[in-house]
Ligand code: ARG
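Taking the form predicted alone, here's one chain by itself in structure tokens.
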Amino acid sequence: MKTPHVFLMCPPEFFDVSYIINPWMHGNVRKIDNALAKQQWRALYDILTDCATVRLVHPQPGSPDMVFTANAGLVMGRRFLVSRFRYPERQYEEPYFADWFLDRGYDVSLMPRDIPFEGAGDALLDRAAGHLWFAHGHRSVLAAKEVIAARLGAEVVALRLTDERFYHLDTCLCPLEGGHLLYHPAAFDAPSRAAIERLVPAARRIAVGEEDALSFACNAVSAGRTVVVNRATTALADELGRRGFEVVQTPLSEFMKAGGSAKCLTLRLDES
């Protein structure tokens, strides 16, 4: 069923692993099968267009990771906070995303240059309480919390990531409709796990084990009651099914080589 959700995607025309800025990239430099990547991206695009609206931003040469639109920034209504990438290799993307939103009439603001923040890769809206889960520890810094709260008027809950394999929040936590939450507890420090457990009732938490986490099952696109993932074990798919969700699996192996999966390839535009 078509939902009112809207996502931004970027075709993988220039996608490659041409540098190393996360553990998943090790051993994968210049090893992307671009034809397969395009096929996998198109399959995800087709799945999402069946249940939501997808808009496109043009890919740019010299920005191989621009395909991961989740990191472009953070959208709240008609406001867009542009990411400030930690690594220079991705900073070339910033003006292209800023221009896309400016051209469409958004109120666009920039992060201070000395405060790294990587957009909806590290900031995710809870689907029940309405607060913003925000992660720091690898890419974004804690100081970004105050900037986000001031610019977007959001209540921000800070979480600290401790496992470098889960370098962005969206690799290890996914808010779902109705206040349900997918998360990999081992990716967070103890106070952060306690915060999640305090704010999300046990009946709505779905703890994801390492097998699913390393397949980026938490890096899921939530579109209504549809949850789109690279791969999920039968146990996880069944658990989501019991909660009323339909799990759609679509292989994204080429993007996994760069440390991304379904959620990384999308930026939700209808956040309010």
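Residue positions are given as counts along the sequence shown, with the first one as 1. Since the structure is predicted, the reported quantities are computational estimates derived from the model, not experimental observations.
Note that the form predicted together with the named molecule isn't included here; everything after this is about it.
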- [ ] Decide if the three candidate residues Phe7, Leu44 and Thr226 all line the named molecule in the predicted bound form, where lining means a heavy atom within 4.5 Å.
- [x] no
Open item on the list: Considering non-hydrogen atoms and a 4.5 Å limit, which listed residue (Lys145, His180, Arg90, His138) is close to the named molecule in the predicted bound form?
Closed with: Arg90
Open item on the list: Quick check for you: of 94-102, 151-159, 164-172, 194-202, which stretch puts a non-hydrogen atom within 4.5 Å of the named molecule in the predicted bound form?
Closed with: 164-172
Task: 4.5 angstroms heavy atom contact with the named molecule in the predicted bound form for Leu252 - done: no
- [ ] Could you confirm whether Val248 comes within 4.5 Å of the named molecule in the predicted bound form, counting heavy atoms only?
- [x] no
Task: Interface membership of Asn71, the named molecule in the predicted bound form, 4.5 Å heavy atom rule - done: yes
Task: Interface residues of 243-260 toward the named molecule, as seen in the predicted bound form [heavy atoms, 4.5 Å] - done: Ala258, Gly259, Gly260
